[in-house]
Structures are given as structure tokens and as C-alpha cells.
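Starting off, we have a lone chain in the form predicted on its own, written out as C-alpha cells.
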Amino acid sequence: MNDTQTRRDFLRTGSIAGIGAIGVAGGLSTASAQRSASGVVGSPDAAVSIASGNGLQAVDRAVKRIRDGSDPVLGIVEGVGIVEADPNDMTVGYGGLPNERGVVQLDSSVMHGPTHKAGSVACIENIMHPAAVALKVLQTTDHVMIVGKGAYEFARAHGFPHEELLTERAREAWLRWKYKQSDRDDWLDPDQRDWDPAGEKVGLSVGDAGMEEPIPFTYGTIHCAAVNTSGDVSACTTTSGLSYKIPGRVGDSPIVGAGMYVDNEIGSAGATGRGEAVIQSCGSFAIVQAMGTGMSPTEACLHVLGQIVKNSKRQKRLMRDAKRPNFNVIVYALRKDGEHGSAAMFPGARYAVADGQGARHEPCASLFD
């Protein structure tokens, strides 16, 4: 898909999508009305949850909790907690890649559609489940965002245990990153050393010892949203953030309207990928607003990705050529009638879905071929 095709397709589909605008904003869209007519709305199978590609277990858990009678916000926070606690997922929580000082700092936001209330934490350390802490902010305070030491102390006050989040695997990745940063510092690159990585043998090639593995790098995030049988929507985004970031850096994930947003009259949206680009385009808010004008979830996602590219063209270092960015963003949208979609800058991405057909992956649309 090229830029010209994308704009033409939007013009062609805009009038069709516009027919459903009033239905979506006011309650049931055409798709929702069809589900109601078939007797699906109001049944347990009407619950839907979507997430980023690493959220297959999360959506499965969220839908199960909703079917058991839980509020969607409780289901999604429990769902993303599975990923936050997984040491093998280096994008979120325990095992997440650290900042440039080797410290894991986490961000998260949660929003509850029926009350239009949000909770958020940023730069929180030594707490494995930032999404659950963000939920506590939503539930127990008049604030939206708590950051840094204050977020840690808030979590401890609510009984969250102090935990070391830097796993051995993440620590080794961070050290490889440090070693490779420059040949003008005091950190010896692998090919400059006389000793093996453990400092036990002289003359062993460090490359032979496995230190030449690729350095992991991630924007690191999981987004998850869900809607119940009543059409109530909630969403959550949680992350360890940009790998090796400047300490204190905050991405889009804990920012309401950037990495996550909910309007219970329309639906929800979230984002993963380059957070700075999403923040500067108010990505999730823009997607929900686009759905409110009648765009389908996928159309809204593609539309906002196009806006992100347009805005990024003003910074030449962010573009690989005149049209395409040198970064990726993946966005997700869930409408209150259960219709969902996702889009990435480039092909090959997928997202997780759970509904009456079970939990599965589906392909994301792409802005570029």
C-alpha cells in the first residue's frame, strides 16, 4: 500500500464508514445491531479482548474473567500481569531490559470506560506489576499519574512487594550494550579483551564465549483492552520502555491519550512501538476519535499511523526515505460493539484476540507494503 492508495481508499470508504457514525457514538453500530438480532449481545461469548502480539495469554485470561462476572478492567490487568511476571519477555516487567544505568523502570496506565477514570504510574522501580499499581491509583485516589519514588512508595503502601526486576539475561544484554557503545571509553569491546567474559581464562576469544550475540533492543510494551456483554470498555498499557533509555525517560504507555485511551461511548485504542512518535500525535485519543466519526477500527488505526508519519517528516533523522519512517508503531482499536482492528507501519505484525471463537493471533494491517 502506498501513500496515494491509502488516501484514495480512505476517500472511497469514508462515505460508507460515515453511515455508521451515529450508531457508534450513540450506542450500537450496524455490526452490533446484527449481533443483537442474532442473540449474541448479552451472552457470555459477546466478551472480546484484544492485545499486542505478546498478549495471547492476557486476552484469554481477560475474557475468562469477564465471563465469570468481573469488570473488564480487572480482567485486563490480571491478563497483562501474566506477561509482566514472565522473565522471558524482555519488553515488560520482570526481565524487562533496563535503562542506561542498568535499572529497570516501568510505566503503565489503565482506564475504565464506565467511569472515564484513569490511573497511571511512571518510572516505577522494584515493583513487578505496574498495571496493578496504576489500577490502585484509579481506584483509591483522586490522581491520575504518580511517578518515580512516589509511585514506589504508593505501591509498597498497598502491599506490593519490593522485587529485583533485572534478570541475569537482561543484565548480560545491558552489559553487551555498554561494551559496544564506543571505542573511546574505558569499557573494553569484546575484541579488545584478554580474558573470557567470566574473567577466568586468558587468551580465549570473547566471541567464542558467546559475547558476540546480538544485543536485544525493544520499545517494549503490552497493550490490552476488553469489552463486556454490556458494551463497557476498559484498556491498559504496560511496559519496561525503551531499552537502555536515559533514566527518567517516560514513553507513551503511561500517558492517557497517547499509549492508551477509552471513551465508553465509542471504544478504546492503544499503541506499542516508538513512544515519542505516539505522544506527539496523541495516538490513542486520535484513533478513538476517528472511530467516533464512523471509521472502522482498522481504518482509524491506518489513519492515525498516516498522521504519525506526516508529523515525523518534520524530523529528517526519523525518515528512511521521503515517505517511510525508520521506526515502527503498531496501534490497536476495539469498538464497544466488539469490532476490532490493528495496524502497523510495515507488514508482518500480528495482534492477539479472544472472543467466542477462542484466543488466537490475527494479522495487523500495514500502512506500507
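The numbering used is simple: start at 1 and walk along the sequence shown. None of these values were measured; they are calculated from a predicted model.
There is another form of this protein, the form predicted in complex with aspartic acid, and it is not shown here; the text below is about that form.
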property	result
In the predicted bound form, the residue from 282, 82, 74, 242 that sits within 4.5 Å of aspartic acid by heavy atoms	242
Listed residue (112, 136, 274, 129) with a non-hydrogen atom within 4.5 angstroms of aspartic acid in the predicted bound form	274
Contact flag, residue 176 vs aspartic acid in the predicted bound form, heavy atom cut 4.5 Å	no
Any non-hydrogen atom of residue 220 within 4.5 angstroms of aspartic acid in the predicted bound form	yes
4.5 Å heavy atom contact, residue 267 and aspartic acid in the predicted bound form	no
Proximity of residue 108 to aspartic acid in the predicted bound form, heavy atoms at 4.5 Å	no
Partner-facing stretch of 286-294, 148-156, 167-175, 234-242, counted where any non-hydrogen atom is within 4.5 angstroms of aspartic acid in the predicted bound form	234-242
Residues in 313-350 close to aspartic acid in the predicted bound form, defined by a heavy atom within 4.5 Å, in order	none
